[in-house]
Each structure stands twice: as C-alpha cells, then as structure tokens.
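Before any questions on how it binds or moves, here is one chain, the form predicted on its own, in structure tokens.
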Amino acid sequence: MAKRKSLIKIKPKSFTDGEVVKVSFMVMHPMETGMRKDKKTKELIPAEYITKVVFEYNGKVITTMKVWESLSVNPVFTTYMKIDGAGVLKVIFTDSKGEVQETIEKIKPKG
C-alpha cells in the first residue's frame, strides 16, 4: 500500500516553550461512503474512510478523534496543544480498510 500524502501545519510558525499552538493535519484520502456509484460502471464505490486520528507529542496522546464516513475528501483535522519543550509531534490515522499511517513533525520552540 503506497503512503498517502499528508501535512502537519502549526500556527503560529514561531512559538515559545509553554505557548498554545494550533495544529492542523491534512491527508489525501478519498473518504468514500460506499453509497456513491461509479458513473461509468454504475456499481457502488466501496467504502473507504478514515475512522480514527490520534495526535501524540513526545509519546503522550494529546487527543484522539473518532471519525465517520461523512467527512469531505482530503480532510483536515485540527487541535490545540501546549508546547512543552522540543520534541516530536506524531499524527496517526486509521481507515476503514485497516490502513494505518503516521506523519511526524519535529517541534523546536524559539527561546
């Protein structure tokens, strides 16, 4: 299975230790509900959607999101977190077909 493209974005771009930042995670995913028909074959397109997203910072879970099939294609998930020193932010998602992938971003506060 090929790795899906994904992106972690932190705002503001420059932050200090102890500051609360906005973390957004976007993943290229079809998010098929299983209720849409292929225009050419008239067959139902099999369901394939993200079911769970976990944000971790230095191995500690920040938040877990349970997801349903009604989200848009290429969804964006957003949370807020307090920066507690330098570390690694990891976002892990699981989809309805059992695919599990993770994206990692190194965090380095200024000052």
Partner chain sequence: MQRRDFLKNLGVGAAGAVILPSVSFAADAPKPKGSNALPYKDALNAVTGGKTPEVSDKVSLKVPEIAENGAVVPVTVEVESPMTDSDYVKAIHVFAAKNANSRCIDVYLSPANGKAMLATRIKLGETQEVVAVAELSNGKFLMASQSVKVTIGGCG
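Residue numbers count along the first chain shown, from 1. All of these numbers come straight from a predicted model, not from anything done at the bench.
Absent from the display: the form predicted together with the partner chain. The rest refers to it.
**Student:** Any chance residue 97 has a heavy atom within 4.5 Å of the partner chain in the predicted complex?
**Tutor:** So residue 97 does not count as contacting the partner chain.
**Student:** Consider residue 40 of the chain shown here, and say whether it contacts the partner chain in the predicted complex, taking contact as heavy atoms within 4.5 Å.
**Tutor:** Close contact is absent here: in the predicted complex, residue 40 is far from the partner chain, nothing within 4.5 Å, heavy atoms only.
**Student:** Residue-level question: is residue 58 within 4.5 Å of the partner chain in the predicted complex, judged on heavy atoms?
**Tutor:** Contact check for residue 58: no, nothing within 4.5 Å of the partner chain in the predicted complex.
**Student:** So in the predicted complex, is the partner chain close enough to residue 45 to count as touching (4.5 Å, heavy atoms)?
**Tutor:** Judged by the heavy-atom cut-off of 4.5 Å, residue 45 is well away from the partner chain in the predicted complex.
**Student:** With the partner left out here, if you bring back the partner chain in the predicted complex, are 16, 92 and 104 all within 4.5 Å of it by some heavy atom?
**Tutor:** Checked in the predicted complex: no contact with the partner chain for any of the three.
**Student:** Would you give me the residues of 21-49 that have any heavy atom within 4.5 Å of the partner chain in the predicted complex, in order from first to last?
**Tutor:** The stretch 21-49, when checked against the partner chain in the predicted complex, contributes 22, 31, 33, 35, 49 at the 4.5 Å heavy-atom cut-off.
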